[in-house]
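Given as structure tokens, the chain that follows is alone and in the form predicted alone.
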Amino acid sequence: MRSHIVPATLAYDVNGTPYSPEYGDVYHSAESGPGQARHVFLGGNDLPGRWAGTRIFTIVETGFGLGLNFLATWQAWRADPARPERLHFVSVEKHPFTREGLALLHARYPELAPLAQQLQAAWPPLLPGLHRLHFEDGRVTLTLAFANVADIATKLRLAADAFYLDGFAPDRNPDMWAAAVMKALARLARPGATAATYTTARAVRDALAAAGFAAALRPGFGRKRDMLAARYAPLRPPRDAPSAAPQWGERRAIVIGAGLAGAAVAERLTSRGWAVELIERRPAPAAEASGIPAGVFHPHVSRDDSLLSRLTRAGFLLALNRWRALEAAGHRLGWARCGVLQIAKDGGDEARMAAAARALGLPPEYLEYLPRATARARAGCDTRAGGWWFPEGGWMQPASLINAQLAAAARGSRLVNHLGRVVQTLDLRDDRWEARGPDGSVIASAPVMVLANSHDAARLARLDAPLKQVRGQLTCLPADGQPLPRAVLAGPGHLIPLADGAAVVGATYDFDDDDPEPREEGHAGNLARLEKLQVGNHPALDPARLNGSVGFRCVAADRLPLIGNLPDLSVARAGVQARRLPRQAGLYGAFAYASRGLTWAALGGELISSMIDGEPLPVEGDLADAINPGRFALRRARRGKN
């Protein structure tokens, strides 16, 4: 997937209709954009009638453009007393407008203004990949895919009820209407799914027919005599049809672990109406690795935009959105988006970082390369080199985030806490998971179980995943009047300037070490890291007199988390795809976040909740496969090992 998004050009034709110079075509009918959206796309899919009384209804659109189809659909959902509980709108756009461009365009449609303003406020940076935006307290979800539809269609994981086929005219943008694209979309269709488009071009009708859609002419909008409406009716059941939505007799789940992972899962599930029983072996949440004074959040960057880079980008952006939503709901967070400067190791590394930033072409609100002089000015301190600047990065007190998420999860009495309880075993009885204590008593029982308890998950479920526990020691620097940087410094370690004039530096990475207490040698190592980050301004500090904290990270062999439905390893076999791997019904995991808990947790919560409820996934399929908990078992099976 390309890493550089080229924004749309703001232009108008001679009649004043929004126009694309790149494709030589208008964005909508000259008669009315909202009118076309209602007649062609809502009407062509027999909406809102078809969604009446459903719990989840999913629409896939090719060509977001100005967003008028989404806004008109959202408006119709609002006005319909029989609307679905949750509306998912997934839209692909190769050339998105900037937020400022959207605002100018939306001013032309005053009937959509209240919704358009919410969309503009939530508009993401123009970065490749999927961007999930929640509206109406999560009941309306827009997932934007900034990508070429031919590239992204095969990577979407969802089951669609309706399709809005709204690209530029087939003779101006033939790639969007290609037979391969229609077949890829058909693989996302539920039985009986519908599709609608303004065009009646023969090539489009043939592509739809080849993909299993039966199309018919209907009266068009404005000056167009006809349009197409279609229903998915393949001659034979497709081999790659989307899985049926999970059916739960009771919307109740158990989450084991009250750290970053578990709190995020609990908040996302309760936001969907699930009742959650949270079990934590410590007497309070955030008592283990999440109890550190502060942690750093920023994405990973690589010149080839690797899986890790794409995953951390998805997690980072989703986390920022969720944290802002928590604050908007009145929850207090201890954090600062003060920026993160990732400092180069040496001159060669500095040159590589500069070249990568140029090659990626990412927007400056996400990533910039700063030479040393600029880096010093931006960070407010002397550094040993330039590096990557992440303006939206910063630090967070994990406990404040966990407490905010659990407070949000407790709304409507949907959260029950079982603190200070150790889960000894898991049992599956009559399609319900039971968490049992050391004495064999049942702590909680539910159809869904989520293990969010770090390395302890391997004790409760067979994973066949090489996990390690890694000790990390942080050092707290006293508020002694010495000048601190304005931003977080990262590199061989990290330096976090806290709000009270103190700072945190770290962290060690100690394998095969289970000592829970800070040690002098760890403080000495962290002070050495500090010297590599910031030049001068450090008084002589005695490691023996410093305070700190210790946390234990759970790390997988490939440094990626394990998030998703846990595999049934008793029936795993060679040759099966990750998405087709047999699963243990109702058993999920969210752990092995290593040192990226703040980056992964929101993504893990949203991904698992989407899986449990049968909603579109918030990341591309190859990313979901990369963090699939069964990936190590699959690799072993492919090598012929048990």
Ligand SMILES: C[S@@+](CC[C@H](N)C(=O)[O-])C[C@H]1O[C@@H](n2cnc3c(N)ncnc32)[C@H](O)[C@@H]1O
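All residue numbers are counted from 1 along the displayed sequence. The structure displayed is predicted, hence computed values, not measured ones.
The following text describes the form predicted together with the ligand, which does not appear among the structures shown.
Visitor: Is the ligand in the predicted complex near all of Pro299, Tyr369 and Phe390, within 4.5 Å of a heavy atom of each?
Guide: Not a single listed residue reaches the ligand in the predicted complex, so no.
Visitor: Please tell me which of Pro616, Pro48, Gly63, Gly586 lies within 4.5 Å of the ligand in the predicted complex, judged by heavy atoms.
Guide: For this set of options, the contacting one is Gly63.
Visitor: Of these, Ser271, Ser309, Asn148, Thr199, which has a heavy atom no more than 4.5 Å from the ligand in the predicted complex?
Guide: So the residue touching the ligand in the predicted complex, by this definition, is Asn148.
Visitor: At 4.5 Å between heavy atoms, only one of the stretches 114 to 122, 135 to 143, 360 to 368, 171 to 179 reaches the ligand in the predicted complex; which one is it?
Guide: Careful reading of the contacts points to 171 to 179.
Visitor: Wondering, does Ala602 line up within 4.5 Å of the ligand in the predicted complex on heavy atoms?
Guide: Outside the cut-off, so no.
Visitor: Tell me, yes or no, whether Arg231 is in contact with the ligand in the predicted complex, where a contact means a heavy atom of each within 4.5 Å.
Guide: No, Arg231 is distant from the partner.
Visitor: Asp161 versus the ligand, in the predicted complex: is there a non-hydrogen atom within 4.5 Å?
Guide: Result no; Asp161 lies far from the ligand in the predicted complex.
Visitor: Heavy atom to heavy atom, is Leu68 within 4.5 Å of the ligand in the predicted complex?
Guide: Answer yes; at least one heavy atom of Leu68 falls within 4.5 Å of the ligand in the predicted complex.
Visitor: Within 22 to 44, which residues have a heavy atom closer than or equal to 4.5 Å from the ligand in the predicted complex?
Guide: If the 4.5 Å heavy-atom criterion is applied to the ligand in the predicted complex, 22 to 44 yields Tyr23, Val26, Tyr27.
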